[in-house]
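Just the one chain here, laid out as structure tokens, in the form predicted alone.
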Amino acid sequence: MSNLTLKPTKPWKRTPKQQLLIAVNLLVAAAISFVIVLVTPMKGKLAYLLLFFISTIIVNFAENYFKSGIAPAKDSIATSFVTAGLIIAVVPIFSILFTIFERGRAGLNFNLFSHDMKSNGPNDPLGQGGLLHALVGSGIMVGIALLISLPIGILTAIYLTEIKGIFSRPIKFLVQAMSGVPSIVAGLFILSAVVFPITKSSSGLMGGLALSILMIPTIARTSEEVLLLIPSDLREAGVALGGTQWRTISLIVVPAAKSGLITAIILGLARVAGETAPLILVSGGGDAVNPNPFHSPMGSLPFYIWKGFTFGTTESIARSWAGIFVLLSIIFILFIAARTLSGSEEKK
């Protein structure tokens, strides 16, 4: 007998013939909408897009109706609306990304990541100064927030999913309420509770404390959802082998959810990386590199962007757009890492 190798198939994948038919339908719809715009008072890009959408629905409906019947024809209408919704959601995102890159590329240079703004003003040429102080400050403050939020967030999630004590409901309500707190409230809380009565000055530590208030609910809620995905069989197996509840959680449940917990951490970092309001209130926003979070004001990327737009000069605005591009790139990388890790967890 000859060995037969079975290749995996994807019946939902379109064949070349189907792809060609879709292209023909789109061309027909484009031609119909172009003719209507040409011979009627309906003019402009918006009219053309609306007519193209309607023409696409009609062409697809007719093609599916004569080919397969009424049911596939109705399905094509739903597919057209879903596709249109996807395009409406995606096009603005790419438009924003393109605008940020187009306006920020003038401020991108080699000095941007190696110099600060200590000796430069808002009218200096773009080749002078940089955002090194902002990168260092953001890294330190987000790091402080992570050191505070990581144990609190994960332990809160463990309490809600594994311990399920008498305080589970109020804690869950508190975490959900904190998720909706405006970011400026976190800054005002640190300003009134710590800065005014205790430190009397702005610093990177105060910025880290404000960011931790915003990071804790993100890590806690995401970690809770991840831990709920762990099968109960693993917990029962640990208990059956004689392990205590804490040993079962620490040696079985948490390691099994490792990738998901890392994803929660990355999402928490991305959540606070671009926060501006609390940092304006409590960090001070210095223009020089300050590695000491306990003393003197500390710059950050959001503060750097806000300050550049506040000055209003051509050079400062270009620097702000470059800072937006750098900040968005960092957040984009974090979300890609979170998506990659969550995808690898799903495959397992």
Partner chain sequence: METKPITSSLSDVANATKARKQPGSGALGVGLEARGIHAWFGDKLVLRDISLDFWYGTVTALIGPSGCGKSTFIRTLNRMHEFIPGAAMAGEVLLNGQDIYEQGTDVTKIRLKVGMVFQKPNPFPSMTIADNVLAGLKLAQLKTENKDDLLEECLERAGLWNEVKDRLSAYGGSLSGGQQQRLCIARSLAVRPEVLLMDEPCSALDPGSTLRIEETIQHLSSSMTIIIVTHNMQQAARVSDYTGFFLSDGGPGELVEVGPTSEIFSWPKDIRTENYVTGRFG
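Numbering follows the first chain given and starts at 1. Please read all numbers here as calculations on a predicted model, not as lab measurements.
Although it is not shown, the form predicted together with the partner chain is what the next lines describe.
Heavy atoms within 4.5 Å of the partner chain in the predicted complex map, among the stretches 246 to 254, 152 to 160, 67 to 75, 260 to 268, onto 246 to 254 alone. In the predicted complex, no heavy atom of residue 102 sits within 4.5 Å of the partner chain. Proximity of residue 143 to the partner chain in the predicted complex falls outside the 4.5 Å heavy atom cutoff. Remark: residue 274 does not count among the residues lining the partner chain in the predicted complex, judged by a heavy atom distance of 4.5 Å or less. When contacts are judged by a 4.5 Å heavy atom cut-off, residue 238 counts as touching the partner chain in the predicted complex. Site annotation in the predicted complex: the residue of 178, 136, 112, 234 reaching within 4.5 Å of the partner chain with a heavy atom is 234.
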